[in-house]
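Okay, here we've got a single chain as structure tokens, the form predicted on its own, with questions on binding and movement later.
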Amino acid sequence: MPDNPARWLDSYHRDGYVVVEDILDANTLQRLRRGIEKITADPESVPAHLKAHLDFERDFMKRRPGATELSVQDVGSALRNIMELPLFDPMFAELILYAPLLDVLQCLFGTPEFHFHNYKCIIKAPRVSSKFVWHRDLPYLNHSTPNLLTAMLCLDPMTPENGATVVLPSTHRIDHAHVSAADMDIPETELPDVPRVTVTCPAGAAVLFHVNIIHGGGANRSDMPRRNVIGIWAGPDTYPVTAARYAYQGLMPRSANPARQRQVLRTFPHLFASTPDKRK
């Protein structure tokens, strides 16, 4: 992974997003792909307690009639979204500690005192996925401040053909008080008059963006999937304001606080077997 913190910060503050290539090493990329494929190969057989975290394309079509030209029969059992990834396989929980990503997050937050919110996987299945509406992420997250980042780990190349994310640069510059539930689905006619950028990058890259940036994405009608593991991370003094909580929410993998360090050690003891905990 190229080490270029100055570029990361410049792109993030100016445009509201940054692309960092080669963040996933080859082994990690393959393991994540296999983990997602294990779920998508036969989602109907997923245990009931986990199936509740699956969002099928057919269900989305029922929620938004007319959102796609395809029929329920066309999309079959294709998945659109897998929530609570850490519950499906320990590797997704351990991804919370993935050092190359943490390096970039620490740079963008400007501190090691940031914390984990959740991991999910957005899937644009070949030939059948629907498009994603224009939106900001912040209204979904319900936090006390907008100091949050969305970190998108690309398991496949992102291309215009397979529904790459499209961003509206600089739209992250908006007062917190002016973001509302209406920003979860912004009509085309109400988009600001700014250039649109289709984010293209190879598999293994990370796309990190401020939760206030407006973004969306087209449908995937190609033969190639577009799968992104999405992590939400929160900066200091940024807290949830609803009752919803996610698996491992609140872990602070880079914190200098001994209590927080102890929390991470005891959450993943097998990863620190050779590191004695002197703070017991």
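No experiment lies behind these values; they were computed from the predicted model shown. Each residue number is its position in the shown sequence, starting from 1.
Not pictured, yet referred to below: the form predicted in complex with a small molecule.
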Check: Pick from 243-251, 22-30, 40-48, 225-233: which stretch has a heavy atom within 4.5 Å of the small molecule in the predicted bound form?
Finding: 225-233
Notebook entry, point to check: Which pick from Asp156, Asp137, Glu84, Asp89 sits with a heavy atom within 4.5 Å of the small molecule in the predicted bound form?
Noted result: Asp137
Item checked: Sole residue of Val128, Leu95, Ala205, Ile122 within 4.5 Å of the small molecule in the predicted bound form, by heavy atom -> Ile122
Note to self: Please determine whether Cys201 contacts the small molecule in the predicted bound form, using a 4.5 Å cut-off between heavy atoms.
What the structure shows: no
Check: Does the small molecule get within 4.5 angstroms of any non-hydrogen atom of Val179 in the predicted bound form?
Finding: no
Note to self: When the contact criterion is heavy atoms within 4.5 Å, does Phe132 count as touching the small molecule in the predicted bound form?
What the structure shows: yes
Margin query: How about Val104 - does it come within 4.5 Å of the small molecule in the predicted bound form, if we only consider non-hydrogen atoms?
Written below: no
Check: Quick one: in the predicted bound form, does every one of Met152, Thr165 and His215 get a heavy atom within 4.5 Å of the small molecule?
Finding: yes
